Structures are given as C-alpha cells and as structure tokens.
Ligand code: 3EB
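Single chain ahead, by itself, as structure tokens, in the form predicted alone.
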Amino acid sequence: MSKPLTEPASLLPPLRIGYESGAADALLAGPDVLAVIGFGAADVPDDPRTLRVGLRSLREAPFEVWRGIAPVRSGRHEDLRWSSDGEHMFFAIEVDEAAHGGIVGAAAHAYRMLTAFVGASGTPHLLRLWNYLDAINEGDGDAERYRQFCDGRAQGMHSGAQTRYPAATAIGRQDDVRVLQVYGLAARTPGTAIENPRQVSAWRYPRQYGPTAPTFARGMRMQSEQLLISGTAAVVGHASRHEDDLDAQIGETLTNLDSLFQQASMPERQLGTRSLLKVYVRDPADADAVEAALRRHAPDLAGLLLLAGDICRRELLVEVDGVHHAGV
C-alpha cells in the first residue's frame, strides 16, 4: 500500500480541468486548450485535441475542457491524436474492434500504440486513462467483454514496458458501436500512485475476477497537488457490496473516496469546491437519486457530469471518477 506523502518542495502549475458550455470551436480557440471532450450527441470538430465519447449525458451536456500552462501544439501519429503544452499531454485513440479480431486485439493495439508513443515523448509518464467500450458486461465467465478487454490491455501495456500503473476508468457504453475509445493524460514529471487501504489493489485481484487482473492504481497524485481519481464504486477488499441497493452503494463509494483522500494526504480531504466528478449510472432512472445523494454529501461540488454507462461488474449500479485540486 502507498504511504502518506510528504509535501513536495515546489509545486508545478496545475492542469485546469473543467466543464464548460458553448461551441467546441470557440473553446478550441484558446491557445492553452489541450482537450475538448464531448459526450453523447455533442458536436465535436475534427481536431487532434477533441474526442466525442459515446456515453449519453443525463443532464445538460457541457464539454470537458483541459487547459494547460503554455501554448499548445498538437498533431496525429498513426491512430493517435495528441496535444501538449510541454508539461502535460492529452492523447486519444479509437480502435475498430472488427479490424483487430475483437475487443482483445483492439485493446492490445490501443495500448501498444499509446505506451510506445507516450514513452518516446517529452511527457513519458502515463498518469490517467479513460476506457470506453460497448456492452462491457456481455458474455459469461472469462468470455465477458470486460475480462477480455483486461487481457488485451495487459498485453499492450506490457509490450510497451509500462512498469507503473496509471489511474484509470473502464465503463461500458450503451450505443452498439464496437469501437474502443481510450483517452488519457501523460506528463513530463511522474505522479505518485495512491492505493486505498479499504480495497485490494486491482492488480492483486484473485482469479475469480478473470484470468488477467485489472492494471490500474486507485488514484494518482500529480506534482501540481492534484489527485486524479480512478473509477470508484462500492468495492471493499475485492468484493462488491450492497447488491441492488443504490443508496448503500453510493454511501460505500463516498466512504472509499474519503479514504483515498486521506491516503493521498490531500490538504482538503472532502469533496467540494475543488472537486470535479464524472458519475456513471447504469440505470438512467436512478440519475435523480444519485445526484441528490452527491449534492447532500458535497453541496458545493465544483462540477458534476452524470452519464449513462455500465459498470464493469454487473451488480454495481454507480461509479465515480474525477479530479480533486489542492489549491484554490
């Protein structure tokens, strides 16, 4: 398990991540814009700094906007699109499963590409990844698509000599489009992986969860004093809790977030004005209850994006990820 951290000698300027409304073209006009990410039916132009994720928004759908600390340059490398301010790099890849023999091959291809590209760049430290694929729970046992994705991800990541696991999310889209979407953040300086003492580290999960354990850290603390929060749900130890009980699952998830903040030694250890969350809800009919519970827990939450998405375990109803800032 990770030990509590000491305060770094100096802080890097933070990457600014926020939810913003408006036209994507106008948002992209800023010289410091690293990424503009849309959801559902969002209108996103063809630009290396953009991605449209096929998850339906359950509320007004703002864009997720990343703003760097210097003028941004961007480009494409084979299947990858990327942008960088010299300190941070956004990258994204979309892989047609059929072109690679299914989800295993698509995940292996995506991760071979991104680990090789990131590793050879001036921002070689992989900090955070988001993975979205259709029908994540389809199939039984080891044939489940999430387990197959984990197989392919590990193949590609290991081929790229990745020795430290980033923070990550893997969520199922509900759009019947068999294209794997991955986007992520890399940096010039490494982060510190954080594990939650209430949970078994994902890469140590027992065999009952599949032949290849998931390869991610529970969180990643950046040297800018930001905590990147991995997909977090009602899992204690390695077991899911509170099957079919939405309120209890939300409560357990929030307890896990509190534990993660404590372990990361964040100056501010509660969700609030310095926190930005994505919340994935399996059943869209639960959106109101989920939002109400989160607002009760954190009434001054800076940003909340509710999305319809399937959690990697069928019994889990809700998952949360996000970013938590130490500074004002």
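Every value quoted in this text rests on a predicted model; they were computed, and no experiment measured them. In case it trips you up, residue 1 is the first one in the sequence shown, and so on.
The same protein also has a form predicted in complex with the named molecule, omitted here; what follows describes it.
K.L.:
Choose from 189-197, 220-228, 98-106, 164-172 the stretch whose residues reach within 4.5 Å of the named molecule in the model of the complex, heavy atoms counted.
P.N.:
Correct option: 164-172.
K.L.:
Is it the case that F216, C312 and E319 all touch the named molecule in the model of the complex, with a non-hydrogen atom of each within 4.5 angstroms?
P.N.:
All three within 4.5 Å in the model of the complex.
K.L.:
Using the partner position in the model of the complex, report whether Q249 sits within 4.5 Å of the named molecule, counting heavy atoms only.
P.N.:
Contact check for Q249: no, nothing within 4.5 Å of the named molecule in the model of the complex.
K.L.:
Check N131 for me: does it contact the named molecule in the model of the complex (non-hydrogen atoms, 4.5 angstroms)?
P.N.:
Within the cut-off, so yes.
K.L.:
Closest heavy atom of V235 to the named molecule in the model of the complex, within 4.5 Å or not?
P.N.:
Although the named molecule is absent here, V235 would touch it in the model of the complex, with heavy atoms inside 4.5 Å.
K.L.:
At the 4.5 Å heavy atom threshold, is R153 in contact with the named molecule in the model of the complex?
P.N.:
Looking in the model of the complex, residue contacts with the named molecule include R153, since a heavy atom lies within 4.5 Å.
K.L.:
Sequence order please: the residues of 173-192 with a heavy atom within 4.5 Å of the named molecule in the model of the complex.
P.N.:
Heavy-atom contacts to the named molecule in the model of the complex: nothing from 173-192.
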